[in-house]
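Just the one chain here, laid out as structure tokens, in the form predicted on its own.
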């Protein structure tokens, strides 16, 4: 008798559960009048000027393979952009364009991990980290953060988590799902640990232009970190270009060369049309994107103000990204059931905190990616739900 096909599936794939964020979206499809605060995608469309420029480039013949590293014009434009925005000088062999930020992440992990290598991940965390580490043969090592600390990483916990198998650390600031940004002093300590313990750091900075106070600070700029940091970024959030699937990463050429090797065999090259759109976005006046970031800041402030007035909910103001991550643990620890009941009773989608790791239990993620009027209505529904079903 032949072995059932289901027994042929890779163990590393079987042990990764389906994405809870997508599952909530599918459940919401069964309802009408739904306000979705689930998916982390800007509700702004890509600016018309970017779309038209990419269409014109397509008509001019930019519909073929590009170099695996990326369109040479885009590489040059990114180097100039990073110099102006970050005061970081790069050579072309230190940077590559990828199929979205996710493409950079999986290529980086596949390039550095051997079987059973451990990667320190602060949680709550972007769910794809665990899956991509697992698919790369590595093991995730959670370092928890606490609501009471504003979900800021504690370097002492990192020290305790390091083992002889620890090879890398992923840092995400501003953070998805918590909206926290890592203070400069903590970045200094994490950099010192990485240098002393010889760790590679993957710095996920896709929300770097959505910082609500001051400017973004990068681990890459700490002493010794240029030689051991891969910075991952994307056009998706900053430029409202999620569907174009263009990301990029930079770091020491000895690492980027190997990341490029992986990406070449995985995807050959990023979309040529997407890259021309990215180039057009870099050439645009920044004002439209600054206005978009300011809109997200206002929305997050609106949600924070409403949530802190609801009995039983604790919340920190978001420092960046477009997420708010309130605690409902005084109402219930079962945030999955909370989210499902909220959807059923009030047709509002939020994501249970458990989707983001053990420290997310007792919290829910709210994406402020709908207009202020819809956000106000969603907060009205959420408050009514809490008062009607959790008032005791």
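The model shown is predicted, which means the values in this text are computed figures rather than measured ones. Residue numbers count along the first chain shown, from 1.
Note that the form predicted together with pyridoxal-5'-phosphate isn't included here; everything after this is about it.
Of the heavy atoms in residue 102, some are within 4.5 Å of pyridoxal-5'-phosphate in the predicted complex. At least one heavy atom of residue 126 is located within 4.5 Å of pyridoxal-5'-phosphate in the predicted complex. pyridoxal-5'-phosphate in the predicted complex comes within 4.5 Å of a heavy atom belonging to residue 176. Contact annotation for residue 229: none of its heavy atoms lies within 4.5 Å of pyridoxal-5'-phosphate in the predicted complex.
Highlighted residues 172, 207 and 245: every one comes within 4.5 Å of pyridoxal-5'-phosphate in the predicted complex, counting any heavy atom. This chain appears without its partner; in the predicted complex, the one residue of 40, 326, 357, 70 with a heavy atom within 4.5 Å of pyridoxal-5'-phosphate is 40. Think of it this way: in the predicted complex, pyridoxal-5'-phosphate has a heavy atom of just one of 130, 276, 237, 299 within 4.5 Å, and the residue is 237. The stretch in contact with pyridoxal-5'-phosphate in the predicted complex, judged by heavy atoms within 4.5 Å, is 237-245, chosen from 237-245, 72-80, 86-94, 258-266.
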